[in-house]
Ligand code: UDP
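One chain is shown next in structure tokens, namely the form predicted on its own.
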Amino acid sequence: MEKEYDYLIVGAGLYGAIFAHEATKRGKKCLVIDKRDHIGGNIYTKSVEGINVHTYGAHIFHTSNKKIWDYVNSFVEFNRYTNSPVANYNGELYNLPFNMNTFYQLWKVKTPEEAKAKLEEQIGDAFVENPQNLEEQAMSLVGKDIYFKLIKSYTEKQWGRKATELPAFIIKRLPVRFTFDNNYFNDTYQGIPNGGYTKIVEKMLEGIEVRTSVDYFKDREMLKNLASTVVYTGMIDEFYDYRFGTLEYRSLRFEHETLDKENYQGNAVVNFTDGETPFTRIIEHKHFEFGTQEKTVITREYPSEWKKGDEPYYPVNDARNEEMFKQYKELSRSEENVIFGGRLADYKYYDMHHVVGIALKKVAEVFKEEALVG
């Protein structure tokens, strides 16, 4: 029996929107659903006091792949925003990533040679040949001052565990620069879409039927019978009713506040790296787009343990969860009419440029074309 749609896309985030857009361009009929009451997934931005608020945390697009950069700019032009976060440790302010500004603030060293000598001294005191946990790994990379002021408590808040209980592989390397450069990313291209991220997804989904506030699992049989193929971007363990167990995540809680002042902290992102402050960072959204509004909107970000019903943000990619995910992944390969994609289906943390790349590769694979991106 002929289906009403070629593709049912479960999830109106970046991956789902790209797939729907590209499939529609190729003459396919798509239906996009999302359990939230809006499109855009975690990159959703909402206008408050004329400011585009990153509702689910800061998102800064960055890539060195010109094809991916050109692709996203074909929907909305991006500005020149450069991510330069600041760390607040008990009222002391430090530039990130670790660079000459950071080293001067820490040790008053003024030349790369002085900074290298001080860093080597710090590492020498703390070096462990075979680090057994995150603390040993981090101190072996940057020494005690940077670790205790800028890494330890922030990481413990983020993961909800002591650094000595976290595996060493979480920090494989730490960026150290001997220049006065506060640009957090090394990528060639970087920016924020003018008018917010929701604009991109709206453009991608123009002319496509979208239904929000629809939970795929509450009416699964009816929904999947609407289309020949399901494109699923949700949690892979939920798709299989958790038959091998529940994959673990870290979640986040956001506390938004509108303030009757032009400028609260002077920077889009300030990380709070002490152990006493309960949140990890404050985002001041107007600075992403160089806003001049009379008011400002800030968001405090609180990490939390994830439980069913919470929004999953960061996969806990330890050995136990990876082994469980492999079972789900293997099972997914037997599905003939389901395409899995995105961070939840792949149980992997992706930056936005990664999502664009894997979505376009999947489109090329499905339609038997040469991939737009390498």
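Rigid core (definition): largest C-alpha set, two forms, superposition within 1.5 Å. In this text, residue numbers run from 1 along the sequence as written. Please read all numbers here as calculations on a predicted model, not as lab measurements.
Omitted here: the form predicted in complex with uridine-5'-diphosphate (UDP). The next part is about that form.
Taking the partner from elsewhere, every residue among 150, 159 and 281 has a non-hydrogen atom within 4.5 angstroms of uridine-5'-diphosphate (UDP) in the predicted bound form.
In the predicted bound form, no heavy atom of residue 247 sits within 4.5 Å of uridine-5'-diphosphate (UDP). Proximity of residue 174 to uridine-5'-diphosphate (UDP) in the predicted bound form falls within the 4.5 Å heavy atom cutoff. When uridine-5'-diphosphate (UDP) is considered in the predicted bound form, residue 154 lines it closely, a heavy atom lying within 4.5 Å. Proximity of residue 104 to uridine-5'-diphosphate (UDP) in the predicted bound form falls outside the 4.5 Å heavy atom cutoff. Note on contacts: among 297, 205, 119, 134, the single residue with a heavy atom within 4.5 Å of uridine-5'-diphosphate (UDP) in the predicted bound form is 134. For the candidate set 210, 123, 109, 170, a heavy atom within 4.5 Å of uridine-5'-diphosphate (UDP) in the predicted bound form is found for exactly one residue, namely 170. For uridine-5'-diphosphate (UDP) in the predicted bound form, the listed stretch (111-119, 67-75, 125-133, 267-275) containing residues with heavy atoms inside 4.5 Å is 267-275. Using a 4.5 Å cut-off on any heavy atom, the one residue of 183-197 that reaches uridine-5'-diphosphate (UDP) in the predicted bound form is 184. Relative to the superposed core, residue 192 undergoes a Cα shift smaller than 2 Å between this form and the one not shown. Here residue 134 counts as shifted, since its C-alpha moves by at least 2 Å between this form and the one not shown after the core is aligned. The pair residue 119 and residue 173 is at least 3 angstroms farther apart at the CA level in the predicted bound form than in the present model.
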